[in-house]
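Coming up is one lone chain in structure tokens, specifically the form predicted on its own.
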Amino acid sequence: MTQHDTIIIGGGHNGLICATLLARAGQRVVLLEANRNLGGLAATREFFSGFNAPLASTLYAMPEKIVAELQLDQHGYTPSSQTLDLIALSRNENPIHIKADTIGGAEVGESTSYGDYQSMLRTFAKALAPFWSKTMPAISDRKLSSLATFGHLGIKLRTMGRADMLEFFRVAMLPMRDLVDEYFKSESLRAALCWDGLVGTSMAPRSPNQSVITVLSRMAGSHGGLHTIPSQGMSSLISALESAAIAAGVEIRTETPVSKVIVGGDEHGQQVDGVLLANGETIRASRVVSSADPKTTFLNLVGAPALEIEFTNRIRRLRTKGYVAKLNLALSSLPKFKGLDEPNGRMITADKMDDLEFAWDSAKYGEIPETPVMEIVIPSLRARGLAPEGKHVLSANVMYIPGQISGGWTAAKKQELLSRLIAILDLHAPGLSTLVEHAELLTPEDIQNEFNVSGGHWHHAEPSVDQLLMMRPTYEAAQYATPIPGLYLCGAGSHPGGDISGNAGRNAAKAILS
């Protein structure tokens, strides 16, 4: 048995960030990762001989202050200053290029509308940005510091000006379809602009709830929500986070799955006492911080007998069904997409918003969509070392793909989906299918099994109104502490949610040290 101050479960980016900050504060920290590689969904894997890709291929939500605070530049990480255009592909029209401030190839007047649209979103995103990096107090919290946080939020909204504040409250919970309909006419443009509010969730363009809030949270990143690919790939970020953790004194153990969080107790109540590893080893500590998803943490690692039944029921009811599949292709050469000089952006394959809506309709009934929609990048154009010289990696996020389908995900069903995806790619890049040396298709079920994420959900829990802010993942566990003294959360299931931002890991460390 080994004594530590803090045990971190999970070596994704949030776990690494939390571990580093705690170790810098003088704690003896050990980080335990079940898989061989650190990084979680951002871990780069060789999916075919010489071809590498992470599940998360781009960065868009990580604030500059986290990179600076962890001094990642001193550990080999160099952020990219080159952002990716968002490209709306259409089978019948020329592609539309969507940049930071302008669009090209759209109808007359769309550029002006896009400027107004972006200005509005930036105003709202700027007002909300400080609160993604804060602990959101419980509604019942009456401490002065907590009231100040709520007061600060009110002030930020009020200082936008009366007109902008009223507009914020009007659009915040609009379906993405309603919002883009107000500004744009082009069908493929509207579909592409919906994407960033929907991907990774179970929402469709017509779904009311929080899609606009999701867009605003992603715009708090270093480039205002625009995507980048580090010049050395996502692996350079994870390597830098690992290096920073080791420099801070964190002990890192990979291929070390945890089977149980040990909860002791006496007449004074419960208290975390460490973890039991799958190999039978016990590691003792008075604090355990889990970057695993809430269902895995509470239902699998802690166990219902150690929790109040009302709390357990709320955790069981968390919506964690993933709807994103991942397609990685090893290509013998660079494909030629119709209307593009070079496929050097994020390409959305939706002619119209109904393509998204109909795919979602199929998925919610457990069916493979007739026409799945994709966000395609070729990261090997930006990051060296992902593919052999002259060859390329195509990486696509595929919506809406259910984690569970009738009869289960058999080899035949996966081949059916893969064939549909390749056929769609051939429509936009004729002959692409002849370049494929190998294809890897990961369904949400595969993501769940390979990355230990309940439901294969990107964000560990649906980022909906009842599972956001001071309610994420649920009350009594929404401020990183949990009902069990000594047990904390620091993963995507905590505020502010998923994406590769690091805010949840940083916020948890700050809450523990406060």
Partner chain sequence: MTNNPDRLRQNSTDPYAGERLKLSYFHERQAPLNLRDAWSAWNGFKFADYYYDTDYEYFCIRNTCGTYDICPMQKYIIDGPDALAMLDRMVTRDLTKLGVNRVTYCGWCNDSGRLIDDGTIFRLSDEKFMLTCGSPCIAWLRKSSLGFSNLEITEATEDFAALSLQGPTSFATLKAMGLGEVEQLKPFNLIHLPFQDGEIMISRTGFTGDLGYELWVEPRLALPMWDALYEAGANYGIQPYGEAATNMARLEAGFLMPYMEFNEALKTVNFEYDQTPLELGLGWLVDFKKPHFNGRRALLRQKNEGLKVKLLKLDIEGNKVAEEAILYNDEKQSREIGYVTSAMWSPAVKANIAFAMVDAKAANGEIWAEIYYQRELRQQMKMARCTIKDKPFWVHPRARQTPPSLT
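Treat the numbers as computed from the prediction; the structure is a model and nothing was measured. Positions refer to the first chain, counted from 1.
Heads up, the form predicted together with the partner chain isn't pictured, but that's what we're talking about next.
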> Taking the partner as it appears in the model of the complex, which of 148-156, 80-88, 182-190, 302-310 has residues with heavy atoms within 4.5 Å of the partner chain?
Replying inline: 302-310
>> in the model of the complex, is there a heavy atom of the partner chain that lies within 4.5 Å of any heavy atom of residue 316, even though the partner is absent here?
In response: yes
>> Within 4.5 Å, heavy atoms only: does residue 384 come near the partner chain in the model of the complex?
In response: no
>> Within 4.5 Å, heavy atoms only: does residue 170 come near the partner chain in the model of the complex?
In response: no
> Does residue 254 reach the partner chain in the model of the complex if we count a contact as any heavy atom within 4.5 Å?
Replying inline: no
> Considering 341, 370, 101, 266, which brings a non-hydrogen atom within 4.5 Å of the partner chain in the model of the complex?
Replying inline: 266
> If you check 112, 332, 119, 270 against the partner chain in the model of the complex, which one has a heavy atom within 4.5 Å?
Replying inline: 270
>> Need the contact residues for 236-252: heavy atom within 4.5 Å of the partner chain in the model of the complex, sequence order, or none if there are none.
In response: none
